[in-house]
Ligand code: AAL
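Quick setup: one chain, the form predicted alone, written in C-alpha cells, and binding and motion questions come after.
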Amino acid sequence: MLTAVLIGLQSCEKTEPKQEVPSVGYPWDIPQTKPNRPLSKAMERLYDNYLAPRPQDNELFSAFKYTHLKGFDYSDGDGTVSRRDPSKIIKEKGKYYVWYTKRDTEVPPVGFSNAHLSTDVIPSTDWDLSDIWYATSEDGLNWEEQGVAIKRPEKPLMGWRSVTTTDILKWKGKYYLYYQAFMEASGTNGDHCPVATAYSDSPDGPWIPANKVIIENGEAGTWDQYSIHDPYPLVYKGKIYVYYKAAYGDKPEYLVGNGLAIADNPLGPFKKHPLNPLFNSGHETALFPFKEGIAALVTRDGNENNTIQYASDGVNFDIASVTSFLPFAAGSYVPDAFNSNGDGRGITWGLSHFTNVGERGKKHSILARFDCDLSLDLNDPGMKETRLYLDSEIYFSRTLSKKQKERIFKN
C-alpha cells in the first residue's frame, strides 16, 4: 500500500519539460522571421513582441531629437510665464495649429505642497491660474501666438480656478477641445478635477463651453475616483476614443495608469472601457493611429516607462520598443487622427514641454519641438540610432543628494 501511495505522489509531482537542444547554432545572418527552432525566452520575445528583430527595422522604434521654437516669450525667465502640455497638432487652412496651457501670473508658483499659500493671483503650481491659448505655424518651428482659446470662466463655473491640458478633436466639421477644469488650487486636496469640453465651427474659435462634466470621475474606491487628466481624443472604428490618465494610490506608493472612454457623440455620454486601466505606466497619454490599431508613447512612471506600445485593437497594448529621451507631454502632428480608416501612418514630429526650466524660485515650462521616425512613410536611419552619446555633464547633473552622500560616508 505504501509503495502505491509513493508512486502516486511521484506521478503528481510537477516536472519541468525538458527544453529541446538545438542541433545547430543560431544563424549568423539574423532571420527576419521567427526561425523554426528552439529559442530562449529573450529570442522568443525578439520575434513575438517586436515588429522586427532589429530596432533599426522596427517601425515603432525611434530616437528623438529636440529643437528650440521661435515666437514664444517667457518674460526673461522670471517664472511668471509658462507654456506646457501641448495638444496634438492639426493642419487647417495651410497652417499648423496647437493649443496649450499658458500661465501668465504676477509671481511664480509657491509649489504643490504650499497650496495653502496660493491666492486669486498667486498660483500654487505651474498649471494653476492658467488659460488655454493657441498658436499657428507654417513650418512647425516658427510659431505665432494667436491668443486665448478658452479663458477661465467666472466662479463657480467649471474651470474657474484653471483650465489646462487640452487636446483637439475634429468631428463632422466641428472642433472640440477637451481639457481639465479645476475648481480649486492644485495641491489643496490633491490634483483633482473633471474633464470639460468646448466646441467651435473654426479652429480659431470662438469656443463655446459645454458647461458640464464630459467624462465622470470613477466611483468611490476605484482607480480614477479623484481625477481624469490629459484627455486625448482620437477617432477609431467610427467612434470617439478619449484616452486619459489617473494617478491612484497614496504617495509615495501611488501608480499612474491610463484608461479609455468611448462615445458616439463628442459631448457624450462616454462609457469607460471595462478593462481600464489599459496601461500600467506612463505619465502622459500620447497616442496615434498605426496600421489597424493604436500606438502610444509611454513616458515616465511605472515599470514600462520609456517604451512605445501598440494595440491592434486600441485596447490591449504590448511593448513594441524600448527607447530613451521620449518627449514629455507629447503633442504630435497626427494627420490621420480623425480618419478612422484602419490604416494609420504614424508620426514624425510634434511639440512637447520641458518643465524644469529656470533658476530655483523661477521654474517654469517651455514648449519645444521633437522629431522622430515612427512613420510607415519615412525612412530616416538617423532616427533609428540606438546608442545615445551625451555630454558627460548631463550625467553628472544627476548627482547624489546630501542624504545619499551622508549614507555613503557613514559606511
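Numbers follow the displayed sequence, beginning with 1. Predicted model only: the values in this text are computed from it and were never measured.
Keep in mind that the form predicted together with ligand AAL is missing from the display, and what follows is about it.
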Inset, instruction - Spot the stretch among 331-339, 258-266, 69-77, 276-284 with residues whose non-hydrogen atoms come within 4.5 Å of ligand AAL in the predicted complex. - result: 276-284
Legend entry - Heavy atom of each of Trp127, Gln180 and Asp191 within 4.5 Å of ligand AAL in the predicted complex: yes
Inset, instruction - Decide whether Arg84 counts as a contact residue for ligand AAL in the predicted complex under a heavy atom distance cut-off of 4.5 Å. - result: yes
Inset, instruction - Indicate whether ligand AAL has at least one heavy atom within 4.5 Å of a heavy atom of Asp230 in the predicted complex. - result: yes
Legend entry - Contact flag, Arg369 vs ligand AAL in the predicted complex, heavy atom cut 4.5 Å: no
Legend entry - 4.5 Å heavy atom contact, Arg345 to ligand AAL in the predicted complex: no
Legend entry - Partner contacts in the predicted complex for 335-361 (non-hydrogen atom within 4.5 angstroms of ligand AAL): His353
